[in-house]
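To begin, one chain is listed below as structure tokens, in the form predicted alone.
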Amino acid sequence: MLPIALEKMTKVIGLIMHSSKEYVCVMDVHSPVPEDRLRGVLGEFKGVIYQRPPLRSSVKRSVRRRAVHEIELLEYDGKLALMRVACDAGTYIRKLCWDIGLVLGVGAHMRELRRMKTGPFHESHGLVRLQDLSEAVYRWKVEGKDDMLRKVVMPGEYVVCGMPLIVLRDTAVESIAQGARLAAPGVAMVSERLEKGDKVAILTLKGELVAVGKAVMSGGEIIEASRGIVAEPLRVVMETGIYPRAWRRGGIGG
């Protein structure tokens, strides 16, 4: 599972790199252990763990905290263990297998790995093979038909579908597209779960992604506010000139 962004959506694809992941892996246990013993050790790795990246890694080898949200043993034949792991971004499954082997006292290493989920994207929905993409592009370029291309290219708004939202009034869209800060009068709706300092997806009433920003107020404060800056844009996606401009640059007005 490798999400690829096109055109302006490359500005927000970095959000996926830092989102949660889900893997299926095959762990090779160096000496047989009872299944109940293996399940018990796997349970010890659920929650916050400490990892030092392996020698063959492109990051600094300092100890880091990562959360393992789920770890499930799917199959086990006494030597090979098929596991499903849901975890924070930056968790090394290869190192996780190694550490499990240490706790078992027999050693273990990762034999195979497949990433099933990255952020909101899962291989069970919308997964496209390179062959499918090649055929869709060929049909578009040679036959001038984009029906297959529309099936393999997903709206960029999928990237932010798991984030808290701020929905803009139409009069505020152009100012945000030009990089202005968002003031309270420009907000039509907001997620109540939004906390101050959170990254937030800023959308139009039609559900179009305008920008990704940082909340200056919580969702509850934004609902009560009649003035003041509520969010700072971090990455602007929408082109200017699509909506009429009604605010002065800087987020003042409404």
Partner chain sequence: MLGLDATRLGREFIESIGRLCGPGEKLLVKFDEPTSEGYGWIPTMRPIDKYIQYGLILLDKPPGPTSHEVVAWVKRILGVSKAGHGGTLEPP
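Positions refer to the first chain, counted from 1. What we label the rigid core is the largest C-alpha set whose atoms superpose within 1.5 Å from one form to the other. Fair warning: this is a prediction, and the values are worked out from it, not measured in the lab.
We do not show the form predicted together with its partner chain, though everything after this point is about it.
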Which residue, Arg169, Arg139, His109, Lys79, is the contact with its partner chain in the model of the complex, using a 4.5 Å heavy atom cutoff? Arg169
Is it true that Val48, Arg84 and Lys214 each have at least one non-hydrogen atom within 4.5 Å of its partner chain in the model of the complex? no
Tell me, yes or no, whether Glu192 is in contact with its partner chain in the model of the complex, where a contact means a heavy atom of each within 4.5 Å. yes
Taking heavy atoms and a 4.5 Å cut-off, does Asp146 contact its partner chain in the model of the complex? yes
Is Lys206 near its partner chain? Define near as a heavy atom within 4.5 Å, in the model of the complex. yes
Find out whether any non-hydrogen atom of Leu73 is located within 4.5 angstroms of its partner chain in the model of the complex, and reply yes or no. no
The stretch from 218-226, 40-48, 27-35, 63-71 that lies within 4.5 Å of its partner chain in the model of the complex, judged by heavy atoms, is 218-226
Check each residue of 123-138 against its partner chain in the model of the complex and list those with a heavy atom within 4.5 Å, in sequence order. His125, Gly126, Leu127, Val128, Arg129, Leu130, Leu133, Ser134, Val137
Core-superposed C-alpha of Ser226 shifting 2 Å or more between this form and the one not shown: yes
Has the Cα of Gln178 moved 2 Å or more between this form and the one not shown, judged after a core fit? no
Quick one: once the rigid core is lined up, does Arg94 have its C-alpha move by 2 Å or more between this form and the one not shown? no
